[in-house]
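Quick setup: the structure tokens below cover two forms of a single protein chain, split into structure 1 and structure 2.
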Structure 1
Amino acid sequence: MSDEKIGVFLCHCGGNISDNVDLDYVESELLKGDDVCVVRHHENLCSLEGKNIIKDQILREKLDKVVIAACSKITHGNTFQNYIQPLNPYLFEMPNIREQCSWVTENRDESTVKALSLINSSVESVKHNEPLKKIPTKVKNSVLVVGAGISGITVANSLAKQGMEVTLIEKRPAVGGAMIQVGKVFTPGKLSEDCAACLLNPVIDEMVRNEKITLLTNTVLESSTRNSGNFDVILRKKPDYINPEKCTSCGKCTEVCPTYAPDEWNEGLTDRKAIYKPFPQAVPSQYTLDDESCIRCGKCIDVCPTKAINLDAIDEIISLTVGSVVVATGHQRYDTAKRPEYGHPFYEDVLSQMQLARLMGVNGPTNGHLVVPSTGKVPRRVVMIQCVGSRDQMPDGHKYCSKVCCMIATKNANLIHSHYPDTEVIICYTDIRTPGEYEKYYKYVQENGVKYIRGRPGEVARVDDHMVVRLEDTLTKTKKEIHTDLVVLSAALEASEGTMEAAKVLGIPLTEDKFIKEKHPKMQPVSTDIEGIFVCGTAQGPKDITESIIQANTASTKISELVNGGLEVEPFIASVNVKKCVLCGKCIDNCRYQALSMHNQSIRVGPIACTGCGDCIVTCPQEAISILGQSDEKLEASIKGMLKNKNPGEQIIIAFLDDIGNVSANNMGINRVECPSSVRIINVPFINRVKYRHVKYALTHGADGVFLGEYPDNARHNEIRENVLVMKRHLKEDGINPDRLLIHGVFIPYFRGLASQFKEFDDELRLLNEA
């Protein structure tokens, strides 16, 4: 390594750097040692002329490695990677002496010293660089979609049309999810309510006809492991007690079945038999058996004319390898029994919105006739109560808004008004939320005569032959008792059990409300933390049908990019030293990206999944794992270079910033926010890449303090904070003041806060040094 020839190129950046950094002094200092054989300046190294200078010097001086001191690597990293050809593009380092030096340090002398320090760091670091290549990867052209509601079916159709093999699984015996049950959907543009089944059935038909889609009902995802970028999944399919090839749907089995259970299709308003067809238009159109209710009497077998029934059938285990997974597991509704003051399900005449929808559905228990369950008569008044379980600070409530409840209530109220104009409808609301075009629909329904009262009812009671809703009208400040025939509750949408089960199996994080957490709510709303796993629909949070379909199509697009894009992955991924590895598997268990797997008695790293976060390095008891191009020794060399030639009395803070923190630091420079010259930034992909050995190395080799800048909204946040506490304990045991180590949350827009935190830490360290 000592024989390698390193060249340094200094960019003036049109005066942005050279006006505040004495580059002649920097050059003279660099040439004093043996590390650098040539130094060249240029006004703008990113220009074509700069390119020629760099290439010319590499060839003329036979340079092995290069340091280009200029602006942010984000701005011109790729530019200079191309400029250093024929060298390998990873044989260079790029200290940022513009945004993180000349633009944040007013004093020219201090800025010059800092620039030299940053360049020295890169010179030491580049010695550890090795030739690397981007990793071309392909994933299988097959996808598993979990959940066959409108989101799952939409994404399955889209992917199949693009030629992908899709396996669509549904834990229930029929597809369609909540949309097939709901009866009517609102269309604000037309100020109308449309038949949900009429809209959904063509989409389902398309799914059924597409030979690229394999539909498996009564099926759940049991396990998933990552293998070379693909997913090996195990599915468990409940037995087909009724052979669909033999069943003629004659219905004789249902007629003789002696066992009844609540009918899920009608929300428990009616009962069904243990052997049954979920609903007349169910897809697949076949009978199914509720094995929890079946008493195995065998009467169905006796009457089946085609011998299609086998009560001894067992679960089927199906293994698949797929390139991507889409979680479209939908939602469930809040258990309104947790709010007993509203009387559901204890009072027969208190319903949920979905029960009301079934009651008014033409294929519902009353063939579409709205009646009061206890009397069988058309209600004279219906009172709806909003925000049951949502926007609810009480125990077992959800603080979030369920987003669609106001529109569901408004739609059902208008339906009642349309069919039963003599029935009064009152909606008791907390705040009406009808964004965008829905506001127009809300006004339209108001004009039709539906009444709205602002106030959350405190109690629903039965008095004589009717219900009473007690509330305070918060606009008029008056208490009211509303006598009514029917009460309808708008229950919160919450994460389904299927969503939580899928997240557990796939190892993807949940939000605090138990929905699937997307990678980034703005920029990557359908991606998850695990590359290749996507989410859409209400598995990700409350949303309406339109938004669910948009998200499903977005997920399809992202998968298409993944499959067809011919990805080239950066080579900074985990590498396992097979001589040290004892195959304990801790790295596999701890990898939240499912990037590691066991294969033929060795640990395999999936290049697509691996982010180079370094979690496996921290976990490995044998220190058998490293990150390509980011070794521990390279990180220590970066520290060593920054502390090289430290002047007497000079204070230096080694600041490890993750990618978010690094961008925030660049923003300090762009906005000319002053930062202490003592701060020397080292960019790491994730803060947990920094080990105690690096902190101790810095503090025992001249650094006055170590600053860790971490983006707090990441899955390892709590572990990172806990790890820093452990580091502080180790520092104390090693006789080093733990106050010399600080961790701070960093957000890109709050660069001024980062600068303030640097200043405070700098001041605190000066007091420590004086003590």
Structure 2
Amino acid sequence: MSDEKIGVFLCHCGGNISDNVDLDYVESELLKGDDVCVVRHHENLCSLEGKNIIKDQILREKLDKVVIAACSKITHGNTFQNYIQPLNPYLFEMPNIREQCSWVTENRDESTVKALSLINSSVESVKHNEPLKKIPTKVKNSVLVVGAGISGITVANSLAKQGMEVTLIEKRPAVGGAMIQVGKVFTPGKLSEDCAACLLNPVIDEMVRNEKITLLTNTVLESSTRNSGNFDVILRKKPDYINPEKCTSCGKCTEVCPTYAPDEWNEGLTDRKAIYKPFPQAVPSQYTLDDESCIRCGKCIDVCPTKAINLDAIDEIISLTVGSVVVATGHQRYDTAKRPEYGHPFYEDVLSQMQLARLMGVNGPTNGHLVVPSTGKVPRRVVMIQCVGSRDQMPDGHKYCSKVCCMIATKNANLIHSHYPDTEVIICYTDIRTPGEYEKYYKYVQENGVKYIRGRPGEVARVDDHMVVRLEDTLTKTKKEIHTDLVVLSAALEASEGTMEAAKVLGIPLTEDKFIKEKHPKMQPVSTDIEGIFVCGTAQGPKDITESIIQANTASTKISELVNGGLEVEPFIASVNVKKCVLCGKCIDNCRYQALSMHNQSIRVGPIACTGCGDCIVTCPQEAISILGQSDEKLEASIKGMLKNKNPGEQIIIAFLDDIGNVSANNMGINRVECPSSVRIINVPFINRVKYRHVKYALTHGADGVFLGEYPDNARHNEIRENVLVMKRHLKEDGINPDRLLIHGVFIPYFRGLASQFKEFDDELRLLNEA
């Protein structure tokens, strides 16, 4: 028995509790043992008067710890945390005898018994409370942005303007991503097509001029480890074969280089040399070397007037510590060769939308002249095919809608139409998806004369000197063979290689479609599962430029919150007992929030990253880890207290509910839905916190059943369910009927379901007990 002095305060809640719980009886019972040294009642403990009573008693009786039996912690937890002040704010417990007792139990006697049991539980458990402090944390004021397309550049600019140090890395030799390549973008409000480079250049300039931004091209993220809130990252920069300081962009090297490779900038429509400048306006404006095609003949070295070329240059490994990471790795386009029926790339007159954009780009292979590749003439007709690889459940297809292809096709069609009025443009579609304002642009283009046929073509063939597209016009029910000079495929947007690589390195999950998974698609659209890592742009899913920019700005705001907010984190995080820890590192590998790291022969816990989920507790073979303020012993004590005054013939169910389940149970009370009085709730942050030893302890010390209420939409769901099966097996081995353990899904609004589940379990246990 500890010699700590524990005081209990009982709130009447203006009759809400006292009408249905005999608080005098509770008081007399509490005072019978020697655990509690003082009990006080009050009409409304949350009032100022209540505050004085609590404070007064703490000082007068020199209380060490306090139990306040009242409403839910969510309602008044903070209030009482303040009221107990001279005491440390974590030295109290709050049994919920209102929502989870007086409001859900009809019979006053039962309600009283239950209240006493809940309070006993808190009395036992508060003995294990230790003084804790909120953890003030600082996130390092530096950010790594992966990917320098429009999203990455936007985020970098915004962060740098807020005073942060930004490292912006890009895998390719030049920045600008898909936007710079596409040539023209459109503005639906103005019904116009604008020059993409003209819009993008000021943004790029701003990035280049900002001294807080370090741009590294030809660079990838190689590894990342979490180190108490920060990330230690390693970047690999391809060799700088051409010294940027010396290169004057004279282009002599390119002239003499004998080796050709397909030109990525022009989507392979033309070739480039092995040493080259990606495109005339490329930033950084510097020559680059494609070391896979280079044959090391050295001709370029001979002609370079500034001796800028060094073919023996080696990779650069850069290590960096940053406070946050933004994944802006963009997308790639569906490989249309997976739909050979459309003839790409077998027929040179079948193009992708991006190839068409390059053909029409003034800095493209034909200086902006649209010509049929096989004939060099202006096409008389162009047919576009939508949904190539999108909305497609066939193997290799993507089920989702790529969201922007309808607008892209419409824009390119209008461009063709306005430059070549004699060329007929037909778009074959399944549905035209131009939500919001874009509908206006669609109607405008349609009125301009671009034709839309509703039908999904099945094949493209070459007949004589032209192409034929076969489809059914599903609106007129006519089968058509459209003869055309040029076919353009609107290929799906898909997750880029770079996105998948970054996700792997950073340990963030992907969606089923391989895009970066946000923490919550509605409420936290730019956060990821790992605190401090954010996502924006098409790395997260198909979207247009506007949306990408909005997301980029959101990500920067979120980082600013993290850095400037002066974060105070709840202290319920993992803590490692150095004496027991053997440094096996299992916990580090298993923590999906990357909260743990190895430091000078000890395991360190990152307070921002750690969610207190308790996964590490389960993994650690040495039982060296506990969650502060939530030790195994404390949990056991809660159970012990609940079972303390069990009456003969009374049935008790210990219900461990996670946070969602606990709110759902509170809703039962608020809505006065009856719940069997046998149910005694213990709120745990995550269900995997409950170990077999707790289940067994409960069932061997008087509990008739153990109920686990779990919100199923959590990352560990399958493991939890699996674990329950294992526990059931253990129960059987230990001679306990496994039916006494039940796991059930909980959702906040589904409180009636929870109540009836409790009832059903209660009935079942009664039958079990009779048998």
Partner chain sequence: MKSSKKQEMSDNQGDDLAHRVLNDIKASSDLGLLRCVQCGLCTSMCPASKHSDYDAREIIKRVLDGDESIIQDEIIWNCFYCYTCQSVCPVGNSVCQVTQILRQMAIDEDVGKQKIESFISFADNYIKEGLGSIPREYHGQLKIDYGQHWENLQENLEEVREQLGLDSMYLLPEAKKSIDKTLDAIGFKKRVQEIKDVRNR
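In this text, the rigid core denotes the largest set of C-alpha atoms whose superposition between the two forms falls within 1.5 Å. The model shown is predicted, which means the values in this text are computed figures rather than measured ones. All residue numbers here follow the sequence of structure 1, with the first residue given the number 1.
By the stated condition, namely the form predicted in complex with its partner chain, the second structure is the one that fits. Fitting the two forms on the rigid core leaves the C-alpha of residue 267 displaced by under 2 angstroms between the two structures.
If you fit the rigid core between the two structures, you'll see the Cα of residue 669 move by 2 angstroms or more.
The two forms, fitted on the rigid core, differ between the two structures by less than 2 Å at the CA of residue 584.
Core fit done between the two structures; CA of residue 763 shifted by 5.4 Å. If you overlay the core, the Cα of residue 723 moves by 2.6 Å between the two structures.
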